[in-house]
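Here you get one chain, nothing else, as structure tokens; it is the form predicted on its own.
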Amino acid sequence: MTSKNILTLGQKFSVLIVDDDKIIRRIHKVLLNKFGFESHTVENGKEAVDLYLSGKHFDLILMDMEMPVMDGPKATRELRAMGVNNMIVGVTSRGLDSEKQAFTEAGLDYCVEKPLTSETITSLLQELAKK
């Protein structure tokens, strides 16, 4: 199934991009919008948690690992403890398997390296379409 097939299913997915790097947030937002996502961005994990506490909801959360205020693993643990069961994907520039494993154990569905690629987004779309 290609991204075009997935998009013709009539479903528009919402995504929350959580990253302290303004350039990465912009790159990911533009790329995700090309795939038909409705995207929202925040700068740290606390802002992501606060959005959910205010009643917001997203189909997909792209969570950076290292951020000021509240990092990705802590934010992921808090979101899961709040009952958030949407797909949370860790996005990191770290290549060490041990660091990715620790991040994944915080409650991620997947962990990918940044920046996102079209192939990664297509794969995530396929997973979202299954839910």
Partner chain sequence: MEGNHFQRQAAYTRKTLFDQGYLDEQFIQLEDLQDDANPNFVEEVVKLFYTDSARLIRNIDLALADNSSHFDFEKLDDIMHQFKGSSSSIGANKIKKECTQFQEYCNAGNLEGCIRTFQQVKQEHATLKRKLESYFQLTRQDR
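Fair warning: this is a prediction, and the values are worked out from it, not measured in the lab. Numbering follows the first chain given and starts at 1.
The form predicted together with its partner chain is left out here; the points below concern that form.
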Per-stretch contact check against its partner chain in the predicted bound form, the hit in 79 to 87, 30 to 38, 100 to 108, 54 to 62 (non-hydrogen atom, 4.5 angstroms): 30 to 38
Close approach of residue 66 to its partner chain in the predicted bound form, 4.5 Å, heavy atom: yes
Contact flag, residue 74 vs its partner chain in the predicted bound form, heavy atom cut 4.5 Å: no
Heavy atom of residue 26 within 4.5 Å of its partner chain in the predicted bound form: yes
Residue 113, heavy atom within 4.5 angstroms of its partner chain in the predicted bound form: no
Contact test, all of 14, 122 and 130, partner its partner chain in the predicted bound form, heavy atom 4.5 Å: no
